[in-house]
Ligand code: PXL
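Have a look below at one chain only, the form predicted alone, in structure tokens format.
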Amino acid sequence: MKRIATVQDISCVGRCSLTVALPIISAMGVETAVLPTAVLSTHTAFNDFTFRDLTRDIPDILAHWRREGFLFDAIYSGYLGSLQQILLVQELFDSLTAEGAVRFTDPAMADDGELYKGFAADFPKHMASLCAHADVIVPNLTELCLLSGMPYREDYGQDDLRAMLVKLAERGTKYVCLTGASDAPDNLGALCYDREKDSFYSCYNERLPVRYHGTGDIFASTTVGGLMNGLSVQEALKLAVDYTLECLRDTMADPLKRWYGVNFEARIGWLTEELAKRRPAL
């Protein structure tokens, strides 16, 4: 069985970060170790949430893991709250990975043209350094602009977006995948640049007239789980696009839906069945 270590926060209520990553990746048949960066009472879209930074605990956890000889087939980082946490993830990349391990970073720091609450203006520069050490990164449009040093705009054409993906890949990342990408008004998905093949591919599905918190975490977690099941990057992205859409459809149809998260739990059965169909034969 493959083993992942995922490094991100715990938002106790809100369906995001570790409370999304752990069940999705585990359901895909992958052992999932967690390294919490912080504990929040809710995610940051709520008012007056509590926040406890766990940075001081992480070095002791990593030291214990090294003593035990743990090695991971993938390191998946999400929301990181400080420069020190970025450096600790780089340490994980370097010292606790098995041969051929995947270093996967979701540079979760911004959306809608703005950094998340609490991040300093120079945080994207430090996140860019981590991304350069990753094999796969999955920024949204705001994060792509920040990482590439471009002003945020929602009307970039396909040529401009591809140029930004290439620019990031030139720093060392093998696969730079823009989430929330689109080439037509009625579709939504991902656009990816493969540095080793110097090629692009896209994975799109239906665009729904809704928006919920946590879809990026569903997408990233499913992509990592797909990679650990032998899917190519393109196949894993396609599965993630399709599963995210299934979760959104279920949420839209739920009369008890909640504004702060997506019904990913209700469609985990769909995910495991679909993974079995798409997973390469052993």
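Start at 1 with the first residue shown and count on from there. Values in this document were obtained by computation on a predicted structure and should not be read as measured data.
The next section is about a form of this same protein that is not shown, the form predicted in complex with the named molecule.
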> Only one of 152, 116, 204, 201 has a non-hydrogen atom within 4.5 angstroms of the named molecule in the predicted bound form; which is it?
Replying inline: 116
> the named molecule isn't shown here, but in the predicted bound form, which of 236-244, 42-50, 28-36, 57-65 has heavy atoms within 4.5 Å of it?
Replying inline: 42-50
>> Is residue 24 near the named molecule? Define near as a heavy atom within 4.5 Å, in the predicted bound form.
In response: no
> Does the 4.5 Å heavy atom contact test between residue 79 and the named molecule in the predicted bound form come out positive?
Replying inline: yes
>> Is it the case that residue 262, even though its partner is missing from this view, gets within 4.5 Å of the named molecule in the predicted bound form, heavy atoms only?
In response: no
> Are there residues in 1-31 with a heavy atom within 4.5 Å of the named molecule in the predicted bound form, and which are they, in order?
Replying inline: 9, 11, 16, 17
